[in-house]
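Given next, in structure tokens, is a single chain: the form predicted on its own.
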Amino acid sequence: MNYVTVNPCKVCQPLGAILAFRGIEGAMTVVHGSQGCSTYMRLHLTHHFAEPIDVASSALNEKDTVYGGAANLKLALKNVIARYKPALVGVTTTCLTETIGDDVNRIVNEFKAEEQVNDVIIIPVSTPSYTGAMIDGFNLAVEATLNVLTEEGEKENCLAIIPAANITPAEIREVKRIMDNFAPFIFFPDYADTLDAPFFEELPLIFPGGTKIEEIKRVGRCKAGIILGVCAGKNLARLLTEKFGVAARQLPLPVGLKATDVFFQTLAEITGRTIPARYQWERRLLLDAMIDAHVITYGKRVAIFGDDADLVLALARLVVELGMVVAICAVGPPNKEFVRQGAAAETILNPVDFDELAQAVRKTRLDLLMGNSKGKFMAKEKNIPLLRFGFPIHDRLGAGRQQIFSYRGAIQMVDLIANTILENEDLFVSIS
């Protein structure tokens, strides 16, 4: 165990909040902190999604650190509203502004009164980087938005679908494809089109897409809600249930056979509808793919890592279904629920940094690594392949189009894992 963190196995909270606000139609984000913070986050997001991403900054300097950043934040909000004309502005804090004690709620209220801002919604969220991780910032921003916008009212025949984990634009589209066959729904936050956008001849200041503000207001009138994620999202489920009377359930990410079965069975139970034949057919296709791959994957040893406990847990359960051995299952930030869920692994590391993880990898016989791009140095040292999942992926194209949800996504995963093993071992395997 390290008594100091060496190369953290996590990404900071404000980045997750930016991702959440990107899923709201007409939204823009201001990072209250130094210029470097917003630049770092914008760079990470742009490399991962291969899309231009604007993030504003209050750009604090040494003087502002001593005397406070209120004036900077007010000027940043004024400029963003004048330039981008957003419907909503999310304000995220950073280590610097949390440490010096800036009261962001008070500053925002003063700004709205001084500038008579009535037509733009401003939502501040506390996201210091010295605690938590990207997924925590994401969930805090979602909670803050629901608290500000969502209204109570007579229940409607609709479902609220809220991810509490790092899912891709392609996976959002897959969930929405499935939901279209069950019931009316509200997916929030929906960054499918804002972070995987089509070609524009003239680049818009704010990309079209995202959950409409009117839809977010209606979340409290949904008869039921599904939180995608069991290791995070407890506060989201509690908020929906206790404040708005929405019967919320937490489900594991629908990755692999069993977890996707749970997802479809829950939808059928809530809506009273039969699972459509097309998905039953896709399930049988997945079973066939798993049988085909079993001779290749059985007994292979894998280490899975990341800062999103739900994604790591989902990947671990999928590879176990393929007969693989999870030698190491590692999640950077501490997560009691991840440990309690008990991934079927020989070694569970939580919390962990990359220094400790690398030491464990060196001591273990492995055939495969699964995690984000930061694992590439371990993979090269070990001379084994790295399958890239999670965030960030900055040395491969198509991270936003990666889709591992549902039976269809699992089929792609099975082929990818099996073919990676074949290529690395230069094997010819007859599966006939």
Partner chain sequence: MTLEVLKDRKDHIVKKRKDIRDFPACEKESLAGAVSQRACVYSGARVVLNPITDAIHLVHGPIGCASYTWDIRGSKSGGAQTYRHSFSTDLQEEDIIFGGAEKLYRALNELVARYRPPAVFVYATCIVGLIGDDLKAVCGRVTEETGCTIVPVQSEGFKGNKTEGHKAACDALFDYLIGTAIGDNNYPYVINLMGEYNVAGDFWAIEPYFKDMGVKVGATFTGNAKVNDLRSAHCAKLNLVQCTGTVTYLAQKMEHKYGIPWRKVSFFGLEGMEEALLTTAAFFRNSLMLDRAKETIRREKKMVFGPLIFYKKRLQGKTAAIYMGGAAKALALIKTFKLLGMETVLVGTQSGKKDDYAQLMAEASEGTMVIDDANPAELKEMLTALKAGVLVGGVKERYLSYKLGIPFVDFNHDRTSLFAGFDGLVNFARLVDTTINSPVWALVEGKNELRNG
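Residue numbers count along the first chain shown, from 1. Quick caveat: nothing in here was measured; it's all calculated off a predicted structure.
Below: the form predicted in complex with the partner chain, not depicted.
Although the partner is absent from this view, S57 contacts the partner chain in the predicted complex, with a non-hydrogen atom inside 4.5 angstroms. Interface membership of I100, defined by any non-hydrogen atom within 4.5 Å of the partner chain in the predicted complex, is confirmed.
Remark: H44 counts among the residues lining the partner chain in the predicted complex, judged by a heavy atom distance of 4.5 Å or less. Taking the partner from the other structure, the partner chain in the predicted complex has no heavy atom within 4.5 Å of any heavy atom of N383. Partner proximity in the predicted complex, defined as non-hydrogen atoms within 4.5 angstroms of the partner chain, places exactly one of 190 to 198, 103 to 111, 171 to 179, 243 to 251 at the interface: 190 to 198. Checked against the partner chain in the predicted complex, the candidates K212, R273, K85, K223 yield a single residue with a heavy atom inside 4.5 Å, and that residue is K85. Residues are counted as partner-facing when one of their heavy atoms sits within 4.5 Å of the partner chain in the predicted complex; in 26 to 55 these are M28, S34, Q35, G36, T39, Y40, M41, R42, L43, H44, T46, H47, A50, E51, P52, D54, V55, in sequence order.
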